[in-house]
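Quick setup: one chain, the form predicted alone, written in structure tokens, and binding and motion questions come after.
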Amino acid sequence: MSVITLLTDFGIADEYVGVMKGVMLSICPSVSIVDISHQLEPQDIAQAAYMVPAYFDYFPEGTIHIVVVDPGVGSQRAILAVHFRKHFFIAPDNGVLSLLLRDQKSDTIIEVNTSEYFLEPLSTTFHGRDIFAALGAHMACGTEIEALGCRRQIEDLVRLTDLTCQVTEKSELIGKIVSIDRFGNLISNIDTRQLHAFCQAEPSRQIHITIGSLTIRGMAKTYADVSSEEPLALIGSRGYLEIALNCANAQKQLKARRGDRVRITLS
């Protein structure tokens, strides 16, 4: 059985996600469809870019991952079909795959231009239904990726800038909050590899994590390493530095927002 995952900013109040599933099941009735999330902030390409690498590898090889965060819908922006590490991705060429393809070459990148796999008539405002869902279903039922269009080079794809943290001239590691989960945990763009490299430069010194007026000294391994409602910093399940309160909501307590700066120092 083929598997398709869905990541969108459509929400669940309207018919959009359900209609996409109807299209896929009409074309390929045997497909299994998994919702990743439909609650991304509207048009927030960067939020989706951080999420894609966090989930795809937990699905079976051959899974088709459809990502529809597409503020350029109906415009001249390209649509991509990508084969990467034995998984397939269908997404707009707007930078949403920037982190997925950051360090490794894709096996195949196709710019979709074969309209025979689209629904007709084609809406200019709902490519999620008429193109993305239809393409995913056709692939799930055996259409080869090469049949969807012409090859593209990875160097030519649209890339988002300012996704990674930076080390300043003052030897500070500067990142930002990129996601806040339903528990109020603040997820930064500082990943394990970057943090380890920064700390290894002076391994005898203690790490300090600052957000707003709060400075946390040292890293925790679990939320329960500190007392209830006490702040902590740890590496979360996505592999990124996370700021949290044990059994409390860090977003509310710290009045934090996405985009807030996170500063790492050693002393």
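Residue indices: 1-based, along the sequence shown. If you're wondering where the values come from, they're calculated on a predicted model, not measured in any experiment.
The same protein also exists as the form predicted together with another copy of the chain; that form is not shown, yet it is the one meant from here on.
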> Is residue 51 close enough to another copy of the chain in the predicted complex to count, meaning some heavy atom within 4.5 Å?
Replying inline: yes
> Within a 4.5 Å heavy atom cut-off, is residue 118 in contact with another copy of the chain in the predicted complex?
Replying inline: no
> Is there a non-hydrogen atom of residue 236 within 4.5 angstroms of a non-hydrogen atom of another copy of the chain in the predicted complex?
Replying inline: yes
>> Under a 4.5 Å heavy atom criterion, is residue 254 part of the interface with another copy of the chain in the predicted complex?
In response: no
> Picking from 191 to 199, 144 to 152, 167 to 175, 125 to 133, which part of the chain touches another copy of the chain in the predicted complex when contact means heavy atoms within 4.5 Å?
Replying inline: 125 to 133
> Relative to another copy of the chain in the predicted complex, which residues of 1 to 21 have a heavy atom no more than 4.5 Å away?
Replying inline: 1, 3, 9, 10, 11, 12, 13, 14, 15, 16, 18, 19, 21
